[in-house]
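Take a look at this single chain, the form predicted on its own, given in structure tokens.
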């Protein structure tokens, strides 16, 4: 699944045959310019490496289909937030949302109140969380699109603001209760895939209830709507977009609102996974924003805006999740999680270097 991206024309416009390009150069071009192909290759490399290590007895636990399927529960919130980051990065002018993790924390608390304390049914409570997330995104979008704040500064400020409100709104205590606890049993469920599921491990239900609908909606918005075309045009060159009649500020503002709505949905997912609405759900440890940005960049989203692929982002999320599932099995003790951070940093540097190289040599990814 890919979006239509206004990729700048590549310097090597002539056919490989006409330019006498070697087979190796053509393969390298395909790997660098078609990000989904590269990520699939890296994904296979990661899987083969850990499977071989498992067969050789170098892992402390099995790295098999059940492990990979269970790891998908971590893919749901990370991939959704990476798609949210994709929307704001594509909007250009240094677009980024550092507050996305604290938005998850704050909207999670609001969802907890709505569902547990106010007694709202589940669907209205989810809508409340989405609206709250949209409002958080609207504040970011207003500061950035209409007041001209740099996205880095604006979202860093709101990161602190949202995180603080999430902590004080319930005296730093999580929202718990029977209703929220009941969500945990639903989130922990796995279901069998139709037709071929008998031969495969069961898949966490969050993949079907939250991740796949989000992927489809984001893809349709970006690839099949006039707003999506305006968003890519704004990110590519907002001055040209302005002269073309695009309301650049409104387009950029809505990107942050959509990102906030997705964060509200992620808050529901994390509340179900933790069996409570935690005030630090999106900010504890290293938070959820940095992994989401890493996945978006690895997935081929140009940090300068205007270029992105939904499929690349989802595959990049899968790569990070399955890599993180194997590292603790290869490294015993408490060092495993620390090496996960090292791997994430290495992935981010690799992705940034790769994006720069691809842009300089081939004019960008596709």
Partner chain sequence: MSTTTLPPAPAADAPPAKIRRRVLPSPVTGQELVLIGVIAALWLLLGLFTNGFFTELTLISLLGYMAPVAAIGIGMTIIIITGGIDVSVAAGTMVCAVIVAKTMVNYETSVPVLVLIAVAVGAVLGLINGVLIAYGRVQAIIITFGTANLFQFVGLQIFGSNTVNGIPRDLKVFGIGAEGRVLGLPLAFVITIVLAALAWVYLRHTAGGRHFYAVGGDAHAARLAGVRVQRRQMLAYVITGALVGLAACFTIGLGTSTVQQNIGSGTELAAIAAVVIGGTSIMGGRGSVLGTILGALLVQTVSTGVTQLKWPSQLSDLFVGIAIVIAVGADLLRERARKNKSRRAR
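Positions refer to the first chain, counted from 1. Not measured: the values here are computed from a predicted model.
In what follows, reference is made to the form predicted together with its partner chain, a form of this protein that is not presented.
Asker: Report whether the minimum heavy atom distance between residue 143 and its partner chain in the predicted complex is within 4.5 Å.
Answerer: Flag for residue 143 set to yes.
Asker: Within a 4.5 Å heavy atom cut-off, is residue 148 in contact with its partner chain in the predicted complex?
Answerer: Residue-level check for residue 148: yes, a contact with its partner chain.
Asker: Should residue 290 be counted as a contact of its partner chain in the predicted complex, where contact means heavy atoms within 4.5 Å?
Answerer: Taking the distances in the predicted complex, the answer for residue 290 is yes, it comes within 4.5 Å of its partner chain.
Asker: Using 4.5 Å between non-hydrogen atoms, is residue 341 touching its partner chain in the predicted complex?
Answerer: Heavy-atom contact with its partner chain at 4.5 Å: present for residue 341.
Asker: Can you confirm whether 153, 167 and 360, the three residues that make up this candidate site, all sit within 4.5 Å of its partner chain in the predicted complex, judged by heavy atoms?
Answerer: Every residue of the spot touches its partner chain in the predicted complex.
Asker: Since exactly one of 75, 98, 180, 257 fits, which has a heavy atom within 4.5 Å of its partner chain in the predicted complex?
Answerer: It is 98 that has a heavy atom within 4.5 Å of the partner.
Asker: Can you pick out, from 160, 184, 113, 227, the residue that has a heavy atom within 4.5 Å of its partner chain in the predicted complex?
Answerer: Of the candidates 160, 184, 113, 227, 160 is the one lying within 4.5 Å of its partner chain in the predicted complex.
Asker: Going by heavy atoms within 4.5 Å, which of 293 to 301, 42 to 50, 61 to 69, 311 to 319 lines up against its partner chain in the predicted complex?
Answerer: This holds for exactly one stretch, 293 to 301.
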